[in-house]
Ligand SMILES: C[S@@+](CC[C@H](N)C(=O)[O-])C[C@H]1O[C@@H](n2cnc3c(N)ncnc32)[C@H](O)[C@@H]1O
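Shown here is one chain on its own, the form predicted alone, set out as structure tokens.
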Amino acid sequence: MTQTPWEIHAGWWQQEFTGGVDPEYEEQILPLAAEFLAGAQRVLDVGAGEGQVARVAAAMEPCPDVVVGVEPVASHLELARERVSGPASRSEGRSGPVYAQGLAEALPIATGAVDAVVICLMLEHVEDHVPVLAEVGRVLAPGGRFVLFLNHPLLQTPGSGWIDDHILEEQYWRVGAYLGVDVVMEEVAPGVVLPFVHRPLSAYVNTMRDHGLVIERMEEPAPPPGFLERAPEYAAQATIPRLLALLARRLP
């Protein structure tokens, strides 16, 4: 059976973006996830990877009744379960997340069974976002919340980037083609090629609305200090957000 790029490069992701090594997760994404999910009792992390968002949810106060991570890549699930059962988790005296292998388009979760769903930097890698958001609407109880993290679909479009124009003596952020849908196989590290699907923000918002998910908060945070320390070339671009975070509510 042919492996997906995410299965092939799972080890690279685990090494570069989990376990406390990535400042955007540590300083920005995980704190926002904890804030947006606070008080939820039945949390579902869709596309959970090795479980760092699910572990943050499980560590919230008050302690959730259950946190479930759904992930298709077996090696991510293996590491997620190891990290739940590690010494640090045991010393806290909590039961950590539980994990299930499955697809975002066909979640192994009963209708209306959870009061919070989180998707973190996954939906922009899915060829068709519609069935995923339909499943989010299905599994959420009325009044439940949906937390969505995206690479900013306006300011991080394919072809976007900082331009230092020596002819016009101007510096500016170029925005690539925005309104279309574009699938790019991007080399994010030497030998690591992953699919990125650009679609305009309206495609997400209107599909969410179609499935009873109405936005009540939006955040576009500036890149965090730890990221700028590691990427000093981005300092001039620090007013350009890399992340978009949405908090939506499931209508009754």
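Heads up: residue numbers just count along the shown sequence, starting at 1. What you see is a predicted model, and the numbers here were worked out from it, not measured in a lab.
Heads up, the form predicted together with the ligand isn't pictured, but that's what we're talking about next.
Participant: Using the partner position in the predicted bound form, report whether Q28 sits within 4.5 Å of the ligand, counting heavy atoms only.
Facilitator: No.
Participant: Considering only heavy atoms, tell me if E71 and the ligand come within 4.5 Å of each other in the predicted bound form.
Facilitator: Close contact exists here: in the predicted bound form, E71 approaches the ligand to within 4.5 Å, heavy atoms only.
Participant: Can any non-hydrogen atom of C120 be found within 4.5 angstroms of the ligand in the predicted bound form?
Facilitator: Yes, C120 sits close enough to the ligand in the predicted bound form that at least one of its heavy atoms falls within 4.5 Å.
Participant: I'd like to know if R145 sits close to the ligand in the predicted bound form, meaning any non-hydrogen atom pair within 4.5 angstroms.
Facilitator: No - in the predicted bound form, heavy atoms of R145 and the ligand never come within 4.5 Å of each other.
Participant: Just to confirm the contact call: exactly one of 123 to 131, 178 to 186, 165 to 173, 108 to 116 touches the ligand in the predicted bound form at a 4.5 Å heavy atom cutoff, so which is it?
Facilitator: Heavy atoms within 4.5 Å of the ligand in the predicted bound form occur in 123 to 131.
Participant: Could you spot which one of P153, G137, G102, P158 gets a heavy atom to within 4.5 Å of the ligand in the predicted bound form?
Facilitator: Exactly one listed residue reaches within 4.5 Å, namely G102.
Participant: For the heavy atom contacts within 4.5 Å of the ligand in the predicted bound form, list the residues of 182 to 205 involved, in sequence order.
Facilitator: Residues within 4.5 Å: none.
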